[in-house]
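Below you will find one chain, with nothing else, as structure tokens; this is the form predicted alone, and questions on how it binds or moves follow later.
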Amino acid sequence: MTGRDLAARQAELVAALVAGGPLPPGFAAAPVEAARRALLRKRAGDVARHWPLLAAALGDAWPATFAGWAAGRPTNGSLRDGWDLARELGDRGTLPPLGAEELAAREAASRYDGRTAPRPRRLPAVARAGGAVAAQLAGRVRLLRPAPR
């Protein structure tokens, strides 16, 4: 096996573990699936550290909600994964109030286009998410209106 072949097999395995790729030949399905689930749990914990209000608001549903969203998606980093999940939940109308407040605060503080890393805003900004309204002025973010409970 050449170095190129090994690299290709490793890439196939990584894709199967973290990006929903097909199981490469020569690997047993059960251990790969167990590793994939463990990596999703670890990833959910990392995202929860960056998005504590979103994770707390979802409570016991957090691991399943995150795993359902993240399965088949490669990670973009914990901060961006949480941001993308919060936006998707908002689009579906299932973003809990605490998560909406956290998302509104993040949207007011930073620009994030869903493709590149978030950048701090330099000008004043107002952001809305799930009924919550947050404002950023001179680098400070304040929640102006909480999300309806």
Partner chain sequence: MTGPSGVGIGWRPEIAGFVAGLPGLRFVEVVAETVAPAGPLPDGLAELRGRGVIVVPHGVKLSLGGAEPVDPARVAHLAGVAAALGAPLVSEHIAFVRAGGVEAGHLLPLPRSREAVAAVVANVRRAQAELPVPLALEPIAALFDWPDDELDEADFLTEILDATGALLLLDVANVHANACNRGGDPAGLLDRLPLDRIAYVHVAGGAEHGGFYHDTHTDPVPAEVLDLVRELCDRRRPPALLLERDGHYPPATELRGELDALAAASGYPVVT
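Numbering follows the first chain given and starts at 1. These numbers were taken from a predicted model, which means no experiment stands behind them.
There is also a form predicted in complex with its partner chain; it is not shown, and the following applies to it.
Using a 4.5 angstroms heavy atom cutoff to its partner chain in the model of the complex, none of P52, L79 and V141 count as contacting. Proximity to its partner chain in the model of the complex, defined as a heavy atom within 4.5 Å, holds among A48, A67, V32, A109 only for V32. Residues within 4.5 angstroms of its partner chain in the model of the complex, judged by any non-hydrogen atom, belong to 33 to 41 and to none of the other stretches in 33 to 41, 100 to 108, 118 to 126, 53 to 61. Although the partner is absent from this view, L17 contacts its partner chain in the model of the complex, with a non-hydrogen atom inside 4.5 angstroms. Interface residue remark: P22 is not counted as part of the site for its partner chain in the model of the complex, having no heavy atom within 4.5 Å. Taking the partner from the other structure, its partner chain in the model of the complex has a heavy atom within 4.5 Å of a heavy atom of G26.
Although the partner is absent here, L13 sits close enough that one of its heavy atoms falls within 4.5 Å of its partner chain in the model of the complex.
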